[in-house]
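Coming up is one lone chain in structure tokens, specifically the form predicted on its own.
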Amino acid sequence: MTGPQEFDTRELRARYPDVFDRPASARLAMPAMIVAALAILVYGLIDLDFSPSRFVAGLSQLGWISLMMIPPDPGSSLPIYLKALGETLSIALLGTTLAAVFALPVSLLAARNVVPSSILRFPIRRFLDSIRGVDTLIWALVWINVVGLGPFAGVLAIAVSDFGAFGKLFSEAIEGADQKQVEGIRASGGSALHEIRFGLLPQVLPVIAGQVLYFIESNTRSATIIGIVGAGGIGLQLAEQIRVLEWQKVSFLILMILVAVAAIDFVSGKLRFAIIGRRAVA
């Protein structure tokens, strides 16, 4: 006698044969992808000359360096380091702000619901992709050769790099906006500029503000890295102390960077929640 569970299984098999009787190619796809990923991993380790013995030897060297970092000590250079940290924070803030200001109007032209024509929208999107495809460090090297060493090159590097990223993020936020408000303004006789000003921007500005705050936090780390190549800030001091093997000063500089990033993360988090809460009330 056939049980109800067996009957249900046969009924399901008859109703959904593609699920229960998948072809061999579908069943082997996942194992083949896993094997291919493992093969690529092994090939990469061999091609990059990965050596477990070198790794173990490096760990012992890392332990020695860690011991040399204790205790963190700025020596007599604390005022210089504080000034360099302020310079790094200024680079991150100014670069991010400039990028957001210039990216907002361009992102409107890259949004599908603002510019329906793909002929006009396509070159703008590809331009943003090309800007975004170059890392901040590369832009720093370029601007150092254009305007010279110093924080000005760092500001320009972050501004150009984030311009491409903001253009993409802002345009996606604009495309995801609710069109009912835009249609209401259009039905009441508003122009295209009125639709953007009163229909789109009030919806996307809180999202844009949250993205800008996050990038300010992220760019504090980026400003440290580009400072190592000559764009000013605390990164330049860090590279110098590593070069002369002053490990106690290196650990103090690292702690300064960590505290600054944590403080910015705390403040930006509070601001993001305040913006989201205000938007929810509105």
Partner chain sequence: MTVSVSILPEQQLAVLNAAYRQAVARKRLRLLFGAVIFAAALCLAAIGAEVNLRTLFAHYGNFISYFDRILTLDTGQRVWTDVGEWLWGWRKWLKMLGETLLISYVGTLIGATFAFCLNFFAAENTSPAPWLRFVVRRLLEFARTVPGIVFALIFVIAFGLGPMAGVLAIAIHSTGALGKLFSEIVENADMKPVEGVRSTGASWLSCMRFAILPQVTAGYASYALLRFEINVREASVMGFVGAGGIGQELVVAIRKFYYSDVSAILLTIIVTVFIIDISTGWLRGRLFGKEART
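This is a predicted model, so every value here is computed, not measured. Numbering follows the first chain given and starts at 1.
Only in words, not in the display: the form predicted in complex with the partner chain, which the text now covers.
Enquirer: So, a 4.5 angstroms cut-off on heavy atom distances: do all three of 41, 90 and 221 pass it with respect to the partner chain in the predicted complex?
Expert: Yes: each residue has a heavy atom within 4.5 Å of the partner.
Enquirer: Residues in which of 153-161, 106-114, 179-187, 72-80 have heavy atoms within 4.5 Å of the partner chain in the predicted complex?
Expert: This holds for exactly one stretch, 153-161.
Enquirer: Considering the partner chain in the predicted complex, which of 201, 138, 192, 120 comes within 4.5 Å of it through any heavy atom?
Expert: When the partner chain is considered in the predicted complex, the option within 4.5 Å is 138.
Enquirer: Against the partner chain in the predicted complex, would residue 267 count as a contact residue? Criterion: heavy atoms within 4.5 Å.
Expert: Residue 267: no contact with the partner chain in the predicted complex.
Enquirer: Flag residue 94 as yes or no: does it have a non-hydrogen atom within 4.5 angstroms of any non-hydrogen atom of the partner chain in the predicted complex?
Expert: Close contact exists here: in the predicted complex, residue 94 approaches the partner chain to within 4.5 Å, heavy atoms only.
Enquirer: Check whether residue 48 has any heavy atom within 4.5 Å of a heavy atom of the partner chain in the predicted complex, and answer yes or no.
Expert: Contact check for residue 48: yes, within 4.5 Å of the partner chain in the predicted complex.
Enquirer: Is residue 129 a contact residue for the partner chain in the predicted complex, using a 4.5 Å heavy atom cut-off?
Expert: Answer yes; at least one heavy atom of residue 129 falls within 4.5 Å of the partner chain in the predicted complex.
Enquirer: Heavy atom within 4.5 Å of the partner chain in the predicted complex: which residues of 229-245 meet that condition, in order?
Expert: Stretch hits, in order: 229, 238, 239, 242, 243, 245.
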